[in-house]
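One chain is shown next in structure tokens, namely the form predicted on its own.
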Amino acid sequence: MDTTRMTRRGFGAALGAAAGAVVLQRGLAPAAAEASIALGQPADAIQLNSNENPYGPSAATREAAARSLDVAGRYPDAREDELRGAVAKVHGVAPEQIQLGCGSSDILRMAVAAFLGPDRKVIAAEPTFEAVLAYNRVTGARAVKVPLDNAFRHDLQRMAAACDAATGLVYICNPNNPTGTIVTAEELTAFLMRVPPSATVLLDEAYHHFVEDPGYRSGQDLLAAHPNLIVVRTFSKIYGMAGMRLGYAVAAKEKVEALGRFASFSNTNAAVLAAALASLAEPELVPRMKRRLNDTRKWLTGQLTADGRRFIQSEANFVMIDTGRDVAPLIASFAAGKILVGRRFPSMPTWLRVSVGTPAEMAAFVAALREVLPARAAA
């Protein structure tokens, strides 16, 4: 039997009831569900490929965004100042230490432009989120990729050893995408002590809110002692606003000014600013969403354990599963059955990344996984 292909009957049974439940659980009208799917994909496809929050913004956030239409004819400068103040309060810093971006990837772009050039080098893990290295192709800086360690974690000792006077930027994604592994507070502190002060450390905490490991610590607590550190956050993940595009950096004033020189004018908008302010004003939103998504992730890993499958323990809203074979055909098989899963990572070609969706979506994924790749074949 070719385990990279599923039977239509088996896959249909796995998805039949779940597909309808998916739309109902999201609270989307059919037209809205169709609009949320990538171009060229079926309107009822289950999206587990981009680490998005399947629930989207909270009700209060949606209402705030809708009300923003009243001021849509005006530039949002005042609201940007208001949000900078609100974010600064969350992090216990001055508003001058906050830089807003059109998604956190916009912040990463600014950092590449500000701190890299042909005579510099950038250091990053392999694999990790690719935006920094992709943006770096324009600057001509030398990219140094440091493989993850045997536990699929950042090898901070090797990354620190790779730093020298020519290092302009060091990128750390914590938790890391695509592995979901973390750098502990102790490890991060020791690493920052070894990195030359002339090198800017870009700490991407897009998945910060999902972490439960007690050894983890946000880099915001280390900013005062390490002025070469920039902490990056996003409203895309826990707040469910990936499609609205808003991220920010927290750093020393000098670093924020350096980023700002490469920021676009009005790189936010009235709707997302109103939505972000409403989200920050809802204290139960983050813990409620964290519990909801993490509980679903734990259910998923419980199913994988029951099947005897190997996976990486994740502290984010996605899980990497070892399939024991190249994942490209498997990704295609899932897509044929209207389930979109993560892309193939060249340095981890047998590992499949799946985002955490709703319980109905994950039940559909597990059923399809057992059809596409029976547990005995994956062992």
Ligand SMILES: Cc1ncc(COP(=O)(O)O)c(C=O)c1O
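Residue indices: 1-based, along the sequence shown. Predicted model only: the values in this text are computed from it and were never measured.
The discussion below concerns the form predicted together with this ligand, not included here.
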Seminar exercise, completed: In contact with this ligand in the predicted bound form (heavy atoms, 4.5 Å), from 91-99, 183-191, 142-150, 198-206, is stretch 198-206
Seminar exercise, completed: Note: exactly one of Gly103, Pro76, Pro127, Gly168 sits with a heavy atom within 4.5 Å of this ligand in the predicted bound form, namely Gly103
Exercise. Just to confirm, Thr179 within 4.5 Å of this ligand in the predicted bound form by heavy atoms?
Worked result: no
Problem set entry | in the predicted bound form, Gln313 touching this ligand (heavy atom, 4.5 Å) | no
Problem set entry | Partner proximity in the predicted bound form: Arg245 to this ligand, non-hydrogen atom cutoff 4.5 Å | yes
Exercise. Counting only non-hydrogen atoms and a 4.5 angstroms cut-off, does Lys255 reach this ligand in the predicted bound form?
Worked result: no
